[in-house]
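Form predicted alone, single chain, as structure tokens, below.
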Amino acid sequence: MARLVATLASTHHPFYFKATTSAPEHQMPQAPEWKRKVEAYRETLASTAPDILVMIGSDHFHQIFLDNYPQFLIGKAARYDATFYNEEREFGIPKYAFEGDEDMSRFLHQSLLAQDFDFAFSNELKIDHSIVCPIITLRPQNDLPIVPIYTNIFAPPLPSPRRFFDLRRAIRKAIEDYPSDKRIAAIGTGHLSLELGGPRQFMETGPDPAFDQQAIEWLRTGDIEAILASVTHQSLECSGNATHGFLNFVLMLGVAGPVGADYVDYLDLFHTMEAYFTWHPKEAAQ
């Protein structure tokens, strides 16, 4: 059977590539530190030598719209085009194409359905920066096939925090039941406190620094009980209108165990807190 060799979760700041590849005189003051932190985080994946990446993100209304917005969706293609025009124009993200793994996608889809998670699927999925950005930060050589999974963190009504957490067991079981000797890494991205288009978007910090620090501590210690007791759709809205991306962190913590993280780092940037977590498998993790 396949082996889950690492679980990773991070924010997915779309300006990372441009901020760290521009000429030095045009870089923001935090760019060198940001690059050092990302390169250290990258090593936590490289050291596990994965063969396939299960990538969990969320479409930013690039391909999935309010006329037909699934709660959970899996890609089942042999190849994925990536990067939309506005992401090139506004963020300077290059065009990408990713190799898919059709066999693993089919197996995961069937396994998730058998575990009572009714996933939608797409054979023609195009990938946006919620998956492109972690490829840039974690696997810039783009040499591994991916299985993309999208969650709904944008279009109410959203699944509950408990549902995101419950999905973790199904994803982990599907990965570990896959009949292969492949080494699998599960990588998910979301947000801490974040405001998009609202009055708190251009603060010097994220819109809710207290939530950011609490969220990092919850993930560092693996305290899922505190998360589920404290986090609601309403509380996330109070911390910023796009803070529901934290639900993907809840999912990834669940895939990992839930257990304390083996690697934690973060960087306070203008208008947002960047955060990076890695969990290595523990035999007792459930």
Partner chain sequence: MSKYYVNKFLFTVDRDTHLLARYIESPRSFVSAWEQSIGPKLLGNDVEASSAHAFTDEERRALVDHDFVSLFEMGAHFFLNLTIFIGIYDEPYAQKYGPLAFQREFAQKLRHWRGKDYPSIAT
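A quick note: this is a predicted structure, and the numbers were derived from the prediction, not measured. Residue numbers count along the first chain shown, from 1.
Here the subject shifts to the form predicted together with its partner chain, a form of this protein not shown in this document.
In summary, among the residues Ala114, Leu196, Leu144, Ala120, the only one with a non-hydrogen atom within 4.5 Å of its partner chain in the predicted complex is Leu196. Contact with its partner chain in the predicted complex, judged by any heavy atom within 4.5 Å, is made by just one of Arg200, Arg106, Arg169, Lys95: Arg200. Figure note: of the listed segments 148-156, 75-83, 179-187, 208-216, the one touching its partner chain in the predicted complex, with heavy atoms no more than 4.5 Å away, is 148-156.
Remark: Glu237 counts among the residues lining its partner chain in the predicted complex, judged by a heavy atom distance of 4.5 Å or less. In the predicted complex, at least one heavy atom of Leu66 sits within 4.5 Å of a heavy atom of its partner chain.
At the 4.5 Å threshold, heavy atoms of Asn241 reach its partner chain in the predicted complex.
Although the partner is absent from this view, Glu124 stays clear of its partner chain in the predicted complex, with no non-hydrogen atom inside 4.5 angstroms.
Applying a 4.5 Å heavy atom cutoff to its partner chain in the predicted complex picks out Arg89, Glu90 from 88-124, in order along the sequence.
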